[in-house]
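Below you will find one chain, with nothing else, as structure tokens; this is the form predicted alone, and questions on how it binds or moves follow later.
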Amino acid sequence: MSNSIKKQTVIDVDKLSGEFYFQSLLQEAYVKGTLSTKESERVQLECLKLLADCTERFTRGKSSSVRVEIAQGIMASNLFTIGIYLKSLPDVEAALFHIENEPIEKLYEYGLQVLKRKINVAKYFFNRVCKTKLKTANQAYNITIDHGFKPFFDNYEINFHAHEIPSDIDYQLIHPVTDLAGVEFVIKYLENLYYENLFCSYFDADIIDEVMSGYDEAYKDLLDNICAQVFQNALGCQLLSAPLPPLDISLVNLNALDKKLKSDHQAELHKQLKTAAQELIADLKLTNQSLKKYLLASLPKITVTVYQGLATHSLNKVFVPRYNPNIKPIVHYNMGIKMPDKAYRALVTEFLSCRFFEDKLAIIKEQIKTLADMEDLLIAGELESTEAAMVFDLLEDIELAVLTKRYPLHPAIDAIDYSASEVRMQQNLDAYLRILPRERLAQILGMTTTIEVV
């Protein structure tokens, strides 16, 4: 027996399917010559006999024939059940040994017993998920847990539909479950969701809600993953050596992160994030080894997200500032009435014709009376960065806060939505804000959260 098993080491395990394990193992064994033609034909015949027996049980002995799609479904269920048993064995060699030395009917019966045990495992993880369930407004998350798995636990049928997943699962995980079916899919999904809940349990639910609202105020209607954003904000705090529980990333923090993470190589960025993740795990005193592996496995995807955020000046979509939609702005700012179009066009023509910037500055001081006109001129004035900075110097902090709110720091600039002049205006404002003293910048950015432009 030992020699027989050792012969099978030519099987490439990576080529085997998780969902169609039995079929892929037979195919690979036949191609590699470890399963003879005679044995392969014997297996096929026994599978057909098993189908006939199961079909008779399905019709309760009243008929020996069923519709083609029903027969195909029963066959798929049978093969899935056999695969479940074979996967429970120590290795591929043991699985092949049992295929060669056990009747297919026996393998099927063993598989039914494994399925029953796996249903209990699914119930265990579902219980853990329910106990660690987040308090969140996200509908996909709540519906998936509260209602999505009820059809599975009520209706999962192992005799004829073992490969099916009678459930309604919309919520997206950090690591989507692929290449699995039936109860195995459900177990893996619930296990992953449990790890995500476990990590989020280290943070206050209201804080998580504000983080997600910062990501998108309408996040309750989205399918986006909650844990991924919480983990990203936690990494941002770790990189900044900021307190973890608040998960707060201010606009000043984003500026610091931009400088800290700027790198031409994703490999270097991944190294920084991995170090931060390991420190985060230590600081939170995470003891669950599976949770640690789950979080670390998400770093390649997060690295790409951060790298793209740096490249597109949209880091605020990766490490998001918290936002409480229930806190309404307390300052209503009126940008003033714009001058008549004819007068404005004449002003712009005169402004652009000036040879010296001092003359342009004089026009601004003498003729621009409202922030609305100032904004238009900053866009239309074709100003260099240094020139724009001198114009911004004329503004009060609240006026700079209004412009910052209308042209956020590090936005994802979409060429479809912004003209070249508007992009230049945003870039000039960004450059000016970067050179301000930290205390003043923090004050200006703080104002943006309490201003409502009318």
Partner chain sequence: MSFELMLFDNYMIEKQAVSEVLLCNNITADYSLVLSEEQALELVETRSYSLKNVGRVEFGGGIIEKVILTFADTPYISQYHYAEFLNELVEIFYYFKNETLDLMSDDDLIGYMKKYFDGVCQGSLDQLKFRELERMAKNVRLGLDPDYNDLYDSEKLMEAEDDDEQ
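All of these numbers come straight from a predicted model, not from anything done at the bench. Positions refer to the first chain, counted from 1.
If you look for the form predicted in complex with the partner chain, you will not find it shown, but the lines that follow are about it.
Between the options L394, A420, V31, L45, which residue brings a heavy atom to within 4.5 Å of the partner chain in the model of the complex? For this set of options, the contacting one is L45.
Residue among A71, I364, L240, M335 with a heavy atom within 4.5 Å of the partner chain in the model of the complex: Selected option: A71.
Listed range touching the partner chain, judged in the model of the complex by heavy atoms within 4.5 Å, from 51-59, 383-391, 397-405, 420-428: Of the stretches listed, the one contacting the partner is 51-59.
Give a yes/no on whether Q23 approaches the partner chain to within 4.5 Å in the model of the complex, heavy atoms considered. Residue-level check for Q23: yes, a contact with the partner chain.
Since only the chain is shown here, I'm wondering whether K38 would be in contact with the partner chain in the model of the complex (any heavy atom pair within 4.5 Å). Result no; K38 lies far from the partner chain in the model of the complex.
Can you tell me whether L291 touches the partner chain? I mean in the model of the complex, with a 4.5 angstroms heavy atom cut-off. L291: no, not in contact with the partner chain in the model of the complex.
Does I119 reach the partner chain in the model of the complex, with heavy atoms at most 4.5 Å apart? I119 lies outside the contact set for the partner chain.
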